[in-house]
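Only one chain is shown below, in structure tokens, and it's the form predicted alone.
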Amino acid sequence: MNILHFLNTFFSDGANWHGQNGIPHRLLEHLQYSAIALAIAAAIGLPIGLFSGHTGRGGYALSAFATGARALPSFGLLVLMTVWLGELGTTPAMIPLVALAVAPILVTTHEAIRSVDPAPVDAARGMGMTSLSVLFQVEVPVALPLILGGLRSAAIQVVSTATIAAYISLGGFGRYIIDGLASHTYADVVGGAVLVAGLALATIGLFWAIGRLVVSPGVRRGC
């Protein structure tokens, strides 16, 4: 039996489109986990990355942190947090997802600010602009495409990895994969994997659209 047969079996099954185990409901769960993890990671990574990039401090420490964070096995961290916290719930699932997303946001934001041409920055300071004004009115607008790139990378990783939440009895598209493997229902496994891949591609499209809306045309042409 080939993949196309499994996909046809999965998506033609009316039971997969209704109720608690339906695709719309699982999509909302998956989006909820991903959005919460990305929001927490952005709240941590963006301010630190902006500050370190603007001041030029902490670059080595950020690189070391990012290397360590990327080396963490998400599934292993999920199991560890579940055992440590002694509960099956959203909190143990959020910790590995946030740890996964913080690194690209933090490092990319730092490098984006550091890569801004110093000429307009020096001109802004010469005009008497405050440090915060220089950061948010000069550096951030120029660095925005790269900053969004870091957020996009983090979002794709989170969306793809949020499937592990199903291992500790949460929902999302990972539910199809975990339950399908347990019951040898491989149509569910293939369908769940395709849904996750499709959501990752949709995430790329979403950030492309955001970039078109918020990045200045002049900055886009210079990228």
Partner chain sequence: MSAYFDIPSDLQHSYLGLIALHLQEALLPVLFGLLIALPIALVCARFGWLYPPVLWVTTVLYAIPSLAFFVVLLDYTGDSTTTVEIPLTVYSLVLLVPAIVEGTRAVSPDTVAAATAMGFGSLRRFVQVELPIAVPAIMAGLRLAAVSSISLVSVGAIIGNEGALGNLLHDGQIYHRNPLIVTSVVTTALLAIVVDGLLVGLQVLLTPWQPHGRRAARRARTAAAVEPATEAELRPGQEADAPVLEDAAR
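Please read these numbers as outputs of a predicted model, since none were measured by experiment. Numbering follows the first chain given and starts at 1.
Form predicted in complex with the partner chain: not shown, discussed below.
Participant: Tell me, out of Val189, Leu50, Leu31, Ile44, which residue has a non-hydrogen atom within 4.5 angstroms of the partner chain in the predicted complex.
Facilitator: None of the other options qualify; the answer is Val189.
Participant: Can you work out which of Leu62, Leu27, Ile40, Ile178 has a heavy atom no more than 4.5 Å from the partner chain in the predicted complex?
Facilitator: Contact residue from the list: Ile178.
Participant: Flag Ile3 as yes or no: does it have a non-hydrogen atom within 4.5 angstroms of any non-hydrogen atom of the partner chain in the predicted complex?
Facilitator: Heavy-atom contact with the partner chain at 4.5 Å: present for Ile3.
Participant: In the predicted complex, does Leu148 come within 4.5 Å of the partner chain, counting heavy atoms only?
Facilitator: Leu148 lies outside the contact set for the partner chain.
Participant: So in the predicted complex, is the partner chain close enough to Ile95 to count as touching (4.5 Å, heavy atoms)?
Facilitator: No, no contact at 4.5 Å.
Participant: Would Val196 show up as a contact with the partner chain in the predicted complex if we use heavy atoms at 4.5 Å?
Facilitator: Contact with the partner chain, yes.
Participant: Does any residue in 52-70 get within 4.5 Å of the partner chain in the predicted complex, counting heavy atoms only, and if so which ones?
Facilitator: Tyr60, Thr67, Gly68, Arg70, in sequence order.
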